[in-house]
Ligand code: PXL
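The data below hold one chain only, encoded as structure tokens and taken in the form predicted alone.
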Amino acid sequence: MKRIISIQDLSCIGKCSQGVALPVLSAMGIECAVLPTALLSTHTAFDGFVSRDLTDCIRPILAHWKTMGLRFDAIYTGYLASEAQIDLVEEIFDDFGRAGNLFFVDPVMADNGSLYPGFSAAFPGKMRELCRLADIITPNVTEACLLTGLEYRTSHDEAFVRALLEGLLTLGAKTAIVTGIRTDTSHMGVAAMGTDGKLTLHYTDYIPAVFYGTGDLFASTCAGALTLGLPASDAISLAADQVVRTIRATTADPEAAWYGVNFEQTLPDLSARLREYLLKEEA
């Protein structure tokens, strides 16, 4: 069985971050070791949430893991609460990385043209250092602009998409994947490029609403698929289609919670689709 470390925050209520990564990766047949970066009563869209930064806990956890001789097939990072935590992740890459490991960085820090509250203007620069170590990075358009220095836009032609991806690759990652591409009003796209310079685009229907946790669902599914050995193009299509399938299931449920999508409902679909991709890869 493949084993992956998921390094991101845990919200007690709210379908995001570790609350998505653990069940999704488990449903994909991967053992998921969770390393929480912060503990929140709810995710940050709730009023009055309380949080506890867990930076001081990370190094003792890692020290214990090292005494156990643990080995991991992939290291996956999501929301990191501070520049100090980025430094710790770099240590994790050094201590637990080995030949053939997948280093997957989702540089969670911004959306809709702005940094998330609590991050300084210097944070994207620190995140660039982490992206340098990664095999795969999966920023949204806002994060990609902050990482590359390109001006944020809400509509995207192929020239802009190529410029984003080429700029991201100069950071050092082997493959860059950008989510939230909008070339028209009816579709949402994911764009990817590797060091060979080949552009890959995958489009799904655009469903106009705010859905919390969809970025985490995409990243967790994509990281899991790559850990299992699927090529990037298949991992992207599996993950993007899973997000849309889950949004549709959520919008069809009149009792769906406002604070997250019904990813639990579509996990059986994910498992079935994953088997199809794996069988195709074996053929």
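From 1 onward, residues are counted along the sequence shown. Remember, predicted model here, so these are calculated numbers, not experimental data.
Below, we refer to the form predicted together with the named molecule, which is not included among the displayed structures.
Residues of just one listed stretch (212 to 220, 60 to 68, 235 to 243, 22 to 30) have heavy atoms within 4.5 Å of the named molecule in the predicted complex: 212 to 220. Distance criterion of 4.5 Å from any heavy atom to the named molecule in the predicted complex singles out Leu40 from the list Ile247, Leu230, Leu40, Leu35.
Taking a 4.5 Å heavy atom cutoff to the named molecule in the predicted complex, the contact residue among Leu130, Ile92, Val108, Val161 is Val108. Put simply, Tyr203 is far from the named molecule in the predicted complex: not one heavy atom of it is within 4.5 Å. Of the heavy atoms in Thr44, some are within 4.5 Å of the named molecule in the predicted complex. The shortest heavy atom separation between Phe96 and the named molecule in the predicted complex exceeds 4.5 Å. Proximity of Val261 to the named molecule in the predicted complex falls outside the 4.5 Å heavy atom cutoff. Although the named molecule is not shown here, in the predicted complex the stretch 1 to 29 places heavy atoms of Asp9, Ser11, Cys16, Ser17 within 4.5 Å of it, in sequence order.
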